[in-house]
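To begin, one chain is listed below as C-alpha cells, in the form predicted on its own.
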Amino acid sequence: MGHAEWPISERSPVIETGAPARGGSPFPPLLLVGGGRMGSALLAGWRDRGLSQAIVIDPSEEAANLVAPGIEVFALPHEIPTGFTPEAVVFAVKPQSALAVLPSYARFAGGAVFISIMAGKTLHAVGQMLGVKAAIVRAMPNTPAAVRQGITVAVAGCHVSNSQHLLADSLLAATGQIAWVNDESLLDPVTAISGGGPAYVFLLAELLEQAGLAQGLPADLARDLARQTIIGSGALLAASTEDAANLRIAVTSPNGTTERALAVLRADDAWPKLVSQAIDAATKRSRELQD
C-alpha cells in the first residue's frame, strides 16, 4: 500500500472531527486545479469563509463562471502570473489525469501544501509527481459539500507542517465536517462509503419514485414523496441523538406495512448483502486507481 511507502504525519490524530476554521480569518492565496462540481463547491465554501485571492486552472468553457472579485481563471498552468505564490494548491481533477496534470505544479513544493482530493491516488503516488519533499494532504470529500453539508476524511504526509495542517483543516472544513485519520488505507472504504454515498441515496430516490409510479401514483406526487422522504429522514437523523437502527425500529410497527417491506429488503439476498458487495466493489476500485 502507498501509505507504507510515504510516512504519515505524526500530527494527524487517529480521528478528529469538526475542527473550526482559523478564527474566521481570511484564507491566504490559493491555487485550485480543477473547477468542476467538487472544485467549485470547495471554492464557494472558501469564499464564504473570507477567501480574498485565488487562481483556478481549468480549460473548460464553464470555468469562466467562477470568475469573481479576487478569483482569476486560467486554462493552463503556464498562464499563472509571475510572482503568484499560493500557500495551498488543491487538486480537484480526475485521478486518471494526475500524471499529465500534477508535475506542472511541482515548482510550488517547499512553500505550499498540496491537497489532493483525487480518489485512489496515494500520498506516495502524488509525491512521485510533485517531489519527495512535497507537503501533501490526501482528502476525500463528498458532493453535499455544495450545500455545506459534506464530510471529508483526510490524512497528512510527513512533510506537512503544523501551520499547513491547520490551513488544510480550515480549507476542508469550509464545506462541512472533517475527520483526520493516520492510516491512509482507510481512505479506500471512505471513498466507497461517503465519497460514493450520495449516489446511493439518489438511486434510492429514483427507485422509490419508480415504485410509486408502478403503484399508480401521479408522477409529480411520486417524485415529491420520494425526494421529501429522503430529505426529511436525513434531517431527522441529523437532529436525533439516536442511531440509525433505533430510528428504523421506531418507524417499524409490529405486523405493519413497514415491517412487511423491510422483510423483503433485509432478506439474505437483498439489501444487507448487496450493500456490502457494493461497498466492497467500490473499495477495490479505489485501490485499483493507485496503479
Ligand SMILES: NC(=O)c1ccc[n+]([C@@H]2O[C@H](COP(=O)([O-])OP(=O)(O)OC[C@H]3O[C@@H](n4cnc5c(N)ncnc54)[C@H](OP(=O)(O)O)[C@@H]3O)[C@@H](O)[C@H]2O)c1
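Quick note: we count residues from 1 along the sequence shown, nothing fancier. This is a predicted model, so every value here is computed, not measured.
The form predicted together with this ligand is left out here; the points below concern that form.
- Of the residues given (Leu130, Ala135, Leu123, Met140), Met140 alone sits with a heavy atom within 4.5 Å of this ligand in the model of the complex.
- Interface residue among Gly111, Pro95, Pro189, Pro103, judged by heavy atoms within 4.5 Å of this ligand in the model of the complex: Pro95.
- Three-residue candidate spot Leu31, Arg49 and Leu172; no residue lies within 4.5 angstroms of this ligand in the model of the complex by any non-hydrogen atom.
- Contact annotation: this ligand lies within 4.5 Å of heavy atoms from the stretch 36 to 44 in the model of the complex, the single such stretch among 223 to 231, 262 to 270, 247 to 255, 36 to 44.
- Not displayed here, this ligand is kept clear of Gln53 by more than 4.5 Å at the level of heavy atoms in the model of the complex.
- The shortest heavy atom separation between Pro59 and this ligand in the model of the complex is within 4.5 Å.
- In the model of the complex, this ligand sits beyond 4.5 Å of every heavy atom of Val155.
- In the model of the complex, at least one heavy atom of Ile117 sits within 4.5 Å of this ligand.
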